[in-house]
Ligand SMILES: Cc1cc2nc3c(=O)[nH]c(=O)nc-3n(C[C@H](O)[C@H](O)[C@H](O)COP(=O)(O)OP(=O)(O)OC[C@H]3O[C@@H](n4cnc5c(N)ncnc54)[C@H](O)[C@@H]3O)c2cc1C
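Here's a solo chain for you in structure tokens, the form predicted alone.
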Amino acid sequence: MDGTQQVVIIGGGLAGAKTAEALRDHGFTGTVTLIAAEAHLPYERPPMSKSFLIGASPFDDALVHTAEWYREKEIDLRTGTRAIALDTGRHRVGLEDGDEVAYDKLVLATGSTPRRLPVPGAEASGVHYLRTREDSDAIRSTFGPGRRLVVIGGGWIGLEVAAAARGAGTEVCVVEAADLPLSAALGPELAVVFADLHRANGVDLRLSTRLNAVLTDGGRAVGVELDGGERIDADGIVVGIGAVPQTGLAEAAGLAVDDGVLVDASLRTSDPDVYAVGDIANHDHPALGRRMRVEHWAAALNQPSVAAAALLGGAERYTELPYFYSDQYDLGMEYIGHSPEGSYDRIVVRGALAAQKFVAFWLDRDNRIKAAMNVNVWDVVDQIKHLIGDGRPIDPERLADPGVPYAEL
């Protein structure tokens, strides 16, 4: 230990709760204060667009820990409390109720917030964004036979909401500006799989289409107008056009910020007493040799242990590869690595795209695997992770052959 006695964590999501857990796991016996703006116990976000949204799991299943756990671990959990100021010179956090909390070390885990829709009518009631439990409850209330939902944005959130709504018998129209949904994340070769999936499940998929306005009646959204003038009626509208890291506290405190809070390999910010984890952390990734900020569940789950160890004087570095998963209809997938559109040379597929049971690999020009996605194929992520981390060229023909074990590649 380095003499640290008081650690304050700002952010009551998965990243904040796991940071508190990691501090105790690393043997820290000082004061841990967890400041959570929401009134709920800290919870995980993925169920809000997956199992909780479709009514398959109760909210308590999404909780990171029970209230009793925080008491047993002597975590000062302050729910319904918003941090509004960070004074790094005085080592104080200002709270909305006027109180101040002192710290020796601080961890920012403030997450991200949905990007707002910049068209007329977007502020009307009945226009929903998905971030919190309340958001998920409100969106689910729009589902049902005979009801019509318009989803703006064909990214992961938009498509998961569309799948949930269709599963409840809702008529769904997805409006996406790109040629294909998920094209920026997967490239056109794999994005078409998800376009076909949603069309096969009855989604009206409007691609290469922009929105002119949200149509309103008495302050409530009743539909949308597309860029060609077509109007689509709706009982509810869900916007999923990306998210923005909540860096306001960091910026006001003078920390280095650029598409998130800039952190080193140990998740330390430009202030040596302040760390950042989860959605807001723009991380200098030692294994990938580049900076990246990922809004993925796995980062919020795994980064806190490294940050906790580092702020207590350790030399740990965060080297985990980006990972995320999605469930849509009868398709389940996992993605490991990082290879956005334009960064790869070719895609190799092991299995059958048409059967929606395959593993896809993104390769660079030297035939090194940069990322992989398994669709309805399970228990392969750990094997694939080693292939990506190894960094050596792979024979594409053998990679595509299901008869060649991963261990022999």
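Note that residue numbering begins at 1 and tracks the sequence as displayed. In this text the structure is predicted, and so the values were computed from the model without any measurement.
What comes next is about the form predicted together with this ligand, which does not appear here.
Novice: Evaluate Asp235 for contact with this ligand in the model of the complex, applying a 4.5 angstroms cut-off between non-hydrogen atoms, and reply yes or no.
Specialist: Result no; Asp235 lies far from this ligand in the model of the complex.
Novice: With the partner left out of view, is Arg82 within 4.5 angstroms of this ligand in the model of the complex by any non-hydrogen atom?
Specialist: Contact with this ligand, yes.
Novice: Is there a heavy atom of Leu23 no more than 4.5 Å from a heavy atom of this ligand in the model of the complex?
Specialist: Residue-level check for Leu23: no, no contact with this ligand.
Novice: Mark Asn282 yes when one of its heavy atoms lies within 4.5 Å of a heavy atom of this ligand in the model of the complex, and no otherwise.
Specialist: Flag for Asn282 set to no.
Novice: At 4.5 Å between heavy atoms, only one of the stretches 215 to 223, 260 to 268, 115 to 123, 273 to 281 reaches this ligand in the model of the complex; which one is it?
Specialist: Answer to the contact question: 273 to 281.
Novice: Could you work out which of Ile157, Leu106, Ala163, Val151 is the residue within 4.5 angstroms of this ligand in the model of the complex, going by heavy atoms?
Specialist: Going through each option in turn, the one that passes is Ile157.
Novice: Check each residue of 19 to 56 against this ligand in the model of the complex and list those with a heavy atom within 4.5 Å, in sequence order.
Specialist: If the 4.5 Å heavy-atom criterion is applied to this ligand in the model of the complex, 19 to 56 yields Ile35, Ala36, Ala37, Glu38, Arg45, Pro46, Met48, Ser49, Lys50.
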